[in-house]
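For reference, the chain that follows is the form predicted alone, supplied as structure tokens.
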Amino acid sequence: MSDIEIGFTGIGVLVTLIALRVPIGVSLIGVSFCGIWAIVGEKAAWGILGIVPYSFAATWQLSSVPMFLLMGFFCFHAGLTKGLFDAARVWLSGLPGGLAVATVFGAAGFAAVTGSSVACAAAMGRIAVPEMMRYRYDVSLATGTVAAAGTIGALIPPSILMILYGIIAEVPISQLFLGGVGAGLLTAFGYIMVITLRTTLNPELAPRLTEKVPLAAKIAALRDTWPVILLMGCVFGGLFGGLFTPTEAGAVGAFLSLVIAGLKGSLTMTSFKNALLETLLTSASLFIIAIGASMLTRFLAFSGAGDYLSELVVAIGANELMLLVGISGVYLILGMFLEPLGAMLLTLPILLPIIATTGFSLVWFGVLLTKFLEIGMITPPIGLNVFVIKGVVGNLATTTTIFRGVMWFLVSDLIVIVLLISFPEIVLYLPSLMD
């Protein structure tokens, strides 16, 4: 069997293992190790298994991942983001579907202090769903809105997916963060349009609130947003102002979130320990999968399968549009069965050499990729955000009901994808200002 045949056999075995629900980190490491053994021998395989985990995990930029996660968990457990939703609710409640619109605004704000879609959905689910149910909102609209709004968490910086993509693709993380702002805001606008249109055509989905909120109460609600505004201003002002790097920004954010929570007196010792524990567990799982993807890159390089696929695409002469359509199909299908990080790290070793032959901006592709992966968070049958919301609401809604509510937002997501492909400037304008 030739090296290329071993490479493609390894890819086939990997897909089979994942389909059998073998943990993706274990699948990546196991297949890569065996494939390298088959190509260059036992000693080289053990040597790479000993070197790659350290060389990857010891990357300085990667230290920003646990720091941004810690920042998000501190904010979540200390309740620093609740004021965002409360302020949006007070100011927007009079609009069609005002509480649902407030949920989208609240999710966008929460996304600015955490890079996790799941954390964003969980936090907003606990805050927003009971509020919408209290005002007799349709269950599918309420739960579907929160599940979809959670996906904004990986688009608006900081984004864990973008950090890992930037390290693997060797793209400036600060430029990815800026590019994600445009895509995140466009996504939020699309969701708001869906809510407004649906509730205008069918007012029974979201009864209008008739109570008048005094101006003094509205202004008072804005005061409770200071923790997140201060945190965002310090972290991203310093990051994009050149005071510190994306890696340092994570540490600054984690420290400031702890200080702000202490000033508010909202972080107990129990919640402090929970934030640390969740950060450790989440970071460990992310790193295992990322190490497996790094080993897969080595395996494909030894086998020549990645270069073979790139040369095949060039030889076929597929135009850029057809290539993007093919990549879109791959990620939309993978998103139905894999969690975002696994789907990204499984495919990047194969796709990056192909993208390099097209001349596409890697910043633009990274943001587009993140959007694809987040769509997978709300597509059946393995939409993680949907199951997170199901866990939050319990018997209030079935999984089918939540998926039914999400489908309207998937239409908006597909329109956003078309706009990002048709008008790359949506992503690239802000990063271009750094040049």
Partner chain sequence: MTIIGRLLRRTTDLTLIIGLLAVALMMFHITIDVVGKFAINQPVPATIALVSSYYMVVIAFLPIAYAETRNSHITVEVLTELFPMRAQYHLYSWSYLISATVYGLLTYRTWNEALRTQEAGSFIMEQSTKLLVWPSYYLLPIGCGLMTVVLVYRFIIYVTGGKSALGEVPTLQKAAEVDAAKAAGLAKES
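Note that the structure is a prediction, hence the values are computed from the model and not measured. So that the term is clear: the rigid core is the largest set of C-alpha atoms that superpose within 1.5 Å between two forms. Residue numbers count along the first chain shown, from 1.
Separately, the form predicted together with the partner chain exists; it is not shown, and the next lines address it.
- prompt: If contact means any heavy atom within 4.5 Å, which of 122-130, 268-276, 185-193, 141-149 contacts the partner chain in the model of the complex?
  reply: Of the options, only 268-276 has residues within 4.5 Å of the partner.
message: Check for me whether the partner chain, as it appears in the model of the complex, comes within 4.5 angstroms of all of 19, 47 and 398 - heavy atoms only.
response: Yes, the whole candidate spot contacts the partner chain.
task: Mark residue 387 yes when one of its heavy atoms lies within 4.5 Å of a heavy atom of the partner chain in the model of the complex, and no otherwise.
output: So residue 387 counts as contacting the partner chain.
4.5 angstroms heavy atom contact with the partner chain in the model of the complex for residue 283: Yes - in the model of the complex, heavy atoms of residue 283 and the partner chain come within 4.5 Å of each other.
Partner proximity in the model of the complex: residue 330 to the partner chain, non-hydrogen atom cutoff 4.5 Å: Outside the cut-off, so no.
field: 4.5 Å heavy atom contact, residue 289 and the partner chain in the model of the complex
entry: Residue 289 belongs to the contact set for the partner chain.
- prompt: Which one of 375, 368, 67, 406 is close to the partner chain in the model of the complex, taking close to mean a heavy atom within 4.5 Å?
  reply: Flagged contact: 67.
- prompt: Though the partner chain is not shown, can you say which of 229, 220, 243, 197 has a heavy atom within 4.5 Å of it in the model of the complex?
  reply: Checking each option against the partner chain in the model of the complex, the one that comes within 4.5 Å is 243.
task: Could you list which residues of 122-149 come within 4.5 Å of the partner chain in the model of the complex, counting heavy atoms only?
output: Heavy-atom contacts to the partner chain in the model of the complex: nothing from 122-149.
query: Do you see a C-alpha shift of 2 Å or more at residue 274 between this form and the one not shown, with the core held fixed?
result: Indeed, residue 274 is displaced by 2 Å or more.
field: Rigid core superposed: residue 391 CA moves 2 Å or more between this form and the one not shown
entry: Not so; residue 391 is displaced by less than 2 Å.
- request: Using a rigid core alignment, state whether the CA of residue 28 is displaced by 2 Å or more between this form and the one not shown.
  value: The answer is yes, as the C-alpha of residue 28 shifts between this form and the one not shown by 2 Å or more after core alignment.
message: Please check whether, in the model of the complex, the CA atoms of residue 75 and residue 175 lie closer or farther apart than here, given a change of 3 Å or more.
response: Residue 75 and residue 175 sit farther apart in the model of the complex.
message: Since the Cα-Cα distance for residue 75 and residue 129 shifts by 3 angstroms or more in the model of the complex, is it a contraction (closer) or an expansion (farther)?
response: Relative to this form, closer in the model of the complex.
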